[in-house]
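In structure tokens, one chain follows: the form predicted alone.
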């Protein structure tokens, strides 16, 4: 069976400038190399056609250890490439049956690939995740939130029987106000950070089973920044992290990453 081509990403092809780093490919046997397409180059490695055929991959995809190991390799490879060159990253397990099929893809998207690489020049992707200790935040809200205080004052004027019923509603009001505060905190901070960025996107949050944390994730976003703006971007996050932690907020910024969220061929 013929060999296959595994594609990591597309990089600029400018002889005499930075070159793609050398490392072992997905199978840890074949070396990674580049294929030239004028001003573009494809970062690839060779794979055995039998071991990585469509049928073989379907079977391997059910082996969690194999998937984790190879997906981690793909991610680490893109990080290594990104340190040397702008890169349009491909999804894990992007495989072509032949060089001609790879060439066809690149030629059909060449203009967009050139534009994406120009856009990514001297740019970095950073990710932001915000977590919240809901119980702690509710404590703060019950002590300082005006809506909750107004409801509490209203209940105090009622008859004892009515108070009993309304106090049960007070907890619901508190929960609603906490959710409003979560949304306001995250969206306001996101808008503040967007001022430093060329582009941004809001992603789905993860549950506790995925994060492994005992607090709730309430925000997940990604930002594309010019390298010169990264320091101020991170300083803003650090300042907010220090100010908000006493109220139960946990803020995590990670990067720089390959531009997974801003270099999509769709």
Partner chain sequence: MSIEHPTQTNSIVDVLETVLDKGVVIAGDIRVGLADVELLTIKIRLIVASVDKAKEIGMDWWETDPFLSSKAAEDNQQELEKENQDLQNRIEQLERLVEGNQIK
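Positions refer to the first chain, counted from 1. Just so it is clear, the model here is predicted, and its values are computed rather than measured.
The same protein also has a form predicted in complex with the partner chain, omitted here; what follows describes it.
- Three-residue candidate spot 181, 187 and 248; no residue lies within 4.5 angstroms of the partner chain in the model of the complex by any non-hydrogen atom.
- Note on the partner interface in the model of the complex: the residue among 119, 138, 110, 129 having a heavy atom within 4.5 angstroms of the partner chain is 129.
- This chain appears without its partner; in the model of the complex, the one residue of 57, 35, 215, 197 with a heavy atom within 4.5 Å of the partner chain is 57.
- In the model of the complex, the partner chain stays beyond 4.5 Å of every heavy atom belonging to residue 84.
- In the model of the complex, none of the heavy atoms of residue 174 sits within 4.5 Å of a heavy atom of the partner chain.
- At the 4.5 Å threshold, heavy atoms of residue 28 stay clear of the partner chain in the model of the complex, well away from it.
- The closest heavy atom approach of residue 67 to the partner chain in the model of the complex falls within 4.5 Å.
- The partner is not shown here, but in the model of the complex the stretch 63-82 reaches within 4.5 angstroms of the partner chain through a heavy atom at 64, 65, 67, 68, 71, 72, 74, 75, 76, 79.
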